[in-house]
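What follows is a single chain, given as C-alpha cells, in the form predicted on its own.
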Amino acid sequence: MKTLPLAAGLLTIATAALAETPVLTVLTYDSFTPEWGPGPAIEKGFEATCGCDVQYVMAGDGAAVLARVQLEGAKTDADVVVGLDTNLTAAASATGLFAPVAVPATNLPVPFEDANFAPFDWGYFAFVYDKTKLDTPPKSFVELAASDLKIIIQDPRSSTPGLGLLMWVKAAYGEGAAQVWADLADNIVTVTPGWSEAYGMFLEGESDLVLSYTTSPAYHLIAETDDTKAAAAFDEGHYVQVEVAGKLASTDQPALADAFLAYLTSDAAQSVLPVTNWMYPAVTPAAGLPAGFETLIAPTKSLLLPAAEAEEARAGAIAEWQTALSR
C-alpha cells in the first residue's frame, strides 16, 4: 500500500516538470513539418539547445499562413511564423502583429532589408519537366504560350509559388503581363491550392511541366538517383523566392522566439535545408552545398519586386490572372 503514495508523488513531480517546460509554437506551411521536410530535424536540433518543446502548427501553403495570422490577430497562440516570402512580408508587417528581429548576414542573390523578418532559405521559381518526355523545353513565357504544352500551376491566393509566378510575369513583362496570361490560359491544365498537389499531379503524368523551383531536380537526383527531371531556363530571367521567419509581437516566449530564429540560420539548420526543403540556404554551410546542386541551371538574371511593390501589384496581378483564366 505504501507504493501508492510514492507513485502518486512521482507522477506529480513529473507532471510539474512537464508543465514547466516552455513551449514554442511555430506556425508554418504543410510541407515544412513532415518527416521528409526540414521541420523535424530543426525541432530536434533546437530542442537540444533550448530545454523547450517546439510545437508546429500547419496552415496550408505560405499565403494561407498569412491569412491565418490575419484572422487570429493578437490572440494567436503562435510565437513564430516560418514560411512567408517577400511577396507577402509587406502585408504581414502592415498587420502590426510582428516584432522586429535580428536579420543575419546572408548570401542571397538579391538585396534584402526588412527589420521584421529573417531570411532562412531561397530559390528560383521555374517550370520543371521530364527530360525523357520533353526534348526541347520552352525558353520563355512567349514560347510556352505559343506551344501546346500543358502546365500545372498553383493558386496565388493560397500558395506562395502561385503568387511568385504572378510576380515573375509582372516583373518580366510589366504592363504586358495581362496579355501573357491571356496567351498562357489554354496551356493550364489545372490550378491547385498548393505546391504539393501540383507537383504530385505532374509526377503522375498529368502535365508536361509544373511550376516549381530550379532546385527541384536536385531532390530526384540526390534522394532518388533519378536524373530525368530538369528546370527550363527562361530568357526573361527567373523570379527569386526568399523565405523568411518572423516573431509575433504577442508571443509570451520572446527570448525563445529570438533563439529559434537565430538557430534557423545556424550551420546546423542551414545544412539541413538543401536536402529537406530543397532550397538554397540563406547562409552557405561550412561544408558547402550537397553534391548534385552543381548540376542545376544557374539563371543569369534574378528578378524580384521589392516587398512594397509586390504588395502594391498583388491585387491587380491576381485580377489579371483571374480574368485570363475565366475566358
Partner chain sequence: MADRAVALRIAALGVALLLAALTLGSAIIVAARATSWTLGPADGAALRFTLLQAALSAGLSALLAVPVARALMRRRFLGRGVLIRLMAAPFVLPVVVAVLGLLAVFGRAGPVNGALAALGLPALSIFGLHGVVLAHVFLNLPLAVRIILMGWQAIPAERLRLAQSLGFSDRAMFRHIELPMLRAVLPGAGAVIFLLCLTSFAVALTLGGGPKSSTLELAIFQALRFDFDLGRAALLAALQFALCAAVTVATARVASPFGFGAGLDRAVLPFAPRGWRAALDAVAIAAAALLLLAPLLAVVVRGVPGLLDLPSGVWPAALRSVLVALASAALAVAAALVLALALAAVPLGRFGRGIEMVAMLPLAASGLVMGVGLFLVIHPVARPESLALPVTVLVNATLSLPYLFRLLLPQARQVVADYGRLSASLGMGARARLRWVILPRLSRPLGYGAGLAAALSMGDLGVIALFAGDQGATLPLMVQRLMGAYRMEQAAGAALLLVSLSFGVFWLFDRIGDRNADA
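None of the values given here were measured: they were computed from a predicted structure. We call the rigid core whatever largest set of C-alpha positions still superposes within 1.5 Å between the two forms. Residue numbers count along the first chain shown, from 1.
This protein has a second form, the form predicted in complex with the partner chain, left out of what is shown; the following refers to that one.
*Asks:* When you measure heavy atoms, are A63, T76 and Y219 every one within 4.5 angstroms of the partner chain in the predicted complex?
*Replies:* Yes, each of A63, T76 and Y219 comes within 4.5 Å of the partner chain in the predicted complex.
*Asks:* Would you kindly say which of A268, A41, A262, V57 lies with a heavy atom within 4.5 Å of the partner chain in the predicted complex?
*Replies:* Contact check passes for V57.
*Asks:* Could you check which residue among C52, L289, I297, A67 gets a heavy atom within 4.5 Å of the partner chain in the predicted complex?
*Replies:* So the residue touching the partner chain in the predicted complex, by this definition, is A67.
*Asks:* Classify P156 as contacting or not contacting the partner chain in the predicted complex by the rule of any non-hydrogen atom within 4.5 angstroms, answering yes or no.
*Replies:* Yes, contact at 4.5 Å.
*Asks:* With the cut-off set at 4.5 Å between non-hydrogen atoms, does A182 touch the partner chain in the predicted complex?
*Replies:* So A182 does not count as contacting the partner chain.
*Asks:* Does G176 reach the partner chain in the predicted complex if we count a contact as any heavy atom within 4.5 Å?
*Replies:* Result no; G176 lies far from the partner chain in the predicted complex.
*Asks:* At the 4.5 Å heavy atom threshold, is T86 in contact with the partner chain in the predicted complex?
*Replies:* It does not: once the partner chain is placed as it appears in the predicted complex, T86 has no heavy atom within 4.5 Å of it.
*Asks:* Spot the stretch among 230-238, 199-207, 98-106, 116-124 with residues whose non-hydrogen atoms come within 4.5 Å of the partner chain in the predicted complex.
*Replies:* Heavy atoms within 4.5 Å of the partner chain in the predicted complex occur in 199-207.
*Asks:* Relative to the superposed rigid core, does the CA atom of F98 travel 2 Å or more between this form and the one not shown?
*Replies:* Shift of 2 Å or more: no.
*Asks:* Is V191 among the residues whose Cα moves by 2 Å or more between this form and the one not shown after superposition of the rigid core?
*Replies:* True for V191: a C-alpha shift of 2 Å or more.
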